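Quick setup: one chain, the form predicted on its own, written in structure tokens, and binding and motion questions come after.
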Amino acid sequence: MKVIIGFEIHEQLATKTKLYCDSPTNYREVEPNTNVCEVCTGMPGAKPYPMNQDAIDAAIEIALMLNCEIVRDPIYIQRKHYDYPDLPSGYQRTSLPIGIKGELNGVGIWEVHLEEDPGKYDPLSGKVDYNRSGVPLVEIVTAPDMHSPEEARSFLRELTKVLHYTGKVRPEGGTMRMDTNISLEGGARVEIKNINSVKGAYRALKFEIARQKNLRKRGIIVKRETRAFLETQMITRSMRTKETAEDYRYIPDPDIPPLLITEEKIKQIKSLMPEAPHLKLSRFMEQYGLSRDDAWAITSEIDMADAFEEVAKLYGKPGPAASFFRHIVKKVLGYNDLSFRESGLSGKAIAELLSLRDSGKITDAGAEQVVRTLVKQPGDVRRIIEKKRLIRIDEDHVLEKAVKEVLEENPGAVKDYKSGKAEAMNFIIGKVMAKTRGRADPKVVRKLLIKELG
């Protein structure tokens, strides 16, 4: 039974002011209903300001990054009417498409729009905070080209990467909201709202597919409707009958002139925008000879990709550098729940660290300890090595002493090894590495252990 999935994705743009007024957009750092004015609270007679040019440019860049054609005809701003407490004027302003006919990861991008965010309504207290009202959003409408929750998750991850590559969306994250349309072939289309994360989208799709399949098995017709995703329970719940475009009574906003995007503006944005992540991935594979897995891991963040290119230039060995980024740097970042940008790591520091490792000054384990230190407190690589005493141990008598102590302390592992359990050797090596605080060369340790164990 074929599954058909499409998305409408909304992400806040990183502008200092709102879309149609000069109120600030930092709604998370202030008390409720303080970053507001008569425009974004829909006061009678209040007229919108000219559209925020930074938001327009950001939407154009995002559309270009998604391989869209930019619309050259006048783009009208429409009023989308619905009655809800978070919408003070009774309508939401949304543009006609800015970009059309795009593609990402084999998924069609039908349209890219500009839209204003509504306020935040708390149904339990009945209170509304309008600080968010009027914050610029980019809306991305996909074709129904995904056929499983796994495909949808992969697409959303790639889209998130593209959006953050532009630097035009809010960097703190947690502002993406999405609606998904899902149906089983031959059945009605159901829209699911209130999805706020990639993980949430995956769970909502898994539940909804199972729900629709179970209904059809029982001979019940799946009705066209809008459902809400309750993430705490990982289920969807019916909200209302699915709206159509006619329900929203779209009309052009008479207070806002149409938007006209010129060829000069498109050329200007193209000259300044970064390389798209999928293009960077292909280039890294070709230019540096990286495997697809290494290139994918490194291009997951634009700051990490830029740092890798700096390391490849300074260090001169892109293959080993890529392996270090993928297996050590990303491991440390994941453990500390940091992005590369947040970590304070630099290409220069990593290049120096790799050179010291290659020269034999430190071991692989020592290099990892330096990275762990740098993400907590940035500093000079050589000073960290000296302060933490990470210089590799080359004295045979020191290593021999550590090996003998470990063998005496772990008679069970010695017995296992001598009885033919080869994995016991790795356990003993690990104990020696721990005793020497990562300063021993594992290859040398192995040779000494084989000599001692016969």
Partner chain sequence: MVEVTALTDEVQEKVAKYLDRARREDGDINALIELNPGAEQAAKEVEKKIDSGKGGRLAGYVVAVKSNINVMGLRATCASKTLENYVSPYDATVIQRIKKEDGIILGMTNMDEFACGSSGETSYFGETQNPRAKGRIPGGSSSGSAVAVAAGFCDVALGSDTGGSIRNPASHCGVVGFKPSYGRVSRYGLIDLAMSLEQIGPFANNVRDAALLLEVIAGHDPKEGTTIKDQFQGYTDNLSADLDGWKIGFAREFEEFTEPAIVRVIKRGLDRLSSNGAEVVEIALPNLDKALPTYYLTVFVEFFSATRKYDGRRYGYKIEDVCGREVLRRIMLGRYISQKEYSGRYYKKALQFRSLIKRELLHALEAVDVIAGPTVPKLPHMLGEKIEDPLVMYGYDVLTVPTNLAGIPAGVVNVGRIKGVPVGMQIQGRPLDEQKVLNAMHALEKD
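No experiment lies behind these values; they were computed from the predicted model shown. Residue numbers count along the first chain shown, from 1.
The following text describes the form predicted together with the partner chain, which does not appear among the structures shown.
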message: Tell me which stretch of 408-416, 35-43, 53-61, 425-433 has a heavy atom within 4.5 angstroms of the partner chain in the model of the complex.
response: 35-43
query: Among Pro378, Gly90, Pro274, Gly360, which has at least one heavy atom within 4.5 Å of the partner chain in the model of the complex?
result: Gly90
- prompt: Considering Gly219, Gly334, Pro254, Pro123, which brings a non-hydrogen atom within 4.5 Å of the partner chain in the model of the complex?
  reply: Pro254
field: Partner contact for Asp83 in the model of the complex: the partner chain, 4.5 angstroms, heavy atom
entry: yes
- prompt: So, in the model of the complex, is Arg79 in contact with the partner chain at a 4.5 angstroms heavy atom limit?
  reply: yes
- prompt: Going by a heavy atom distance of 4.5 Å, is Arg389 a contact of the partner chain in the model of the complex?
  reply: no
message: I'd like to know if Phe229 sits close to the partner chain in the model of the complex, meaning any non-hydrogen atom pair within 4.5 angstroms.
response: no
statement: Looking in the model of the complex, the residues of 107-139 with a heavy atom no more than 4.5 Å from the partner chain, listed in order, are Tyr130
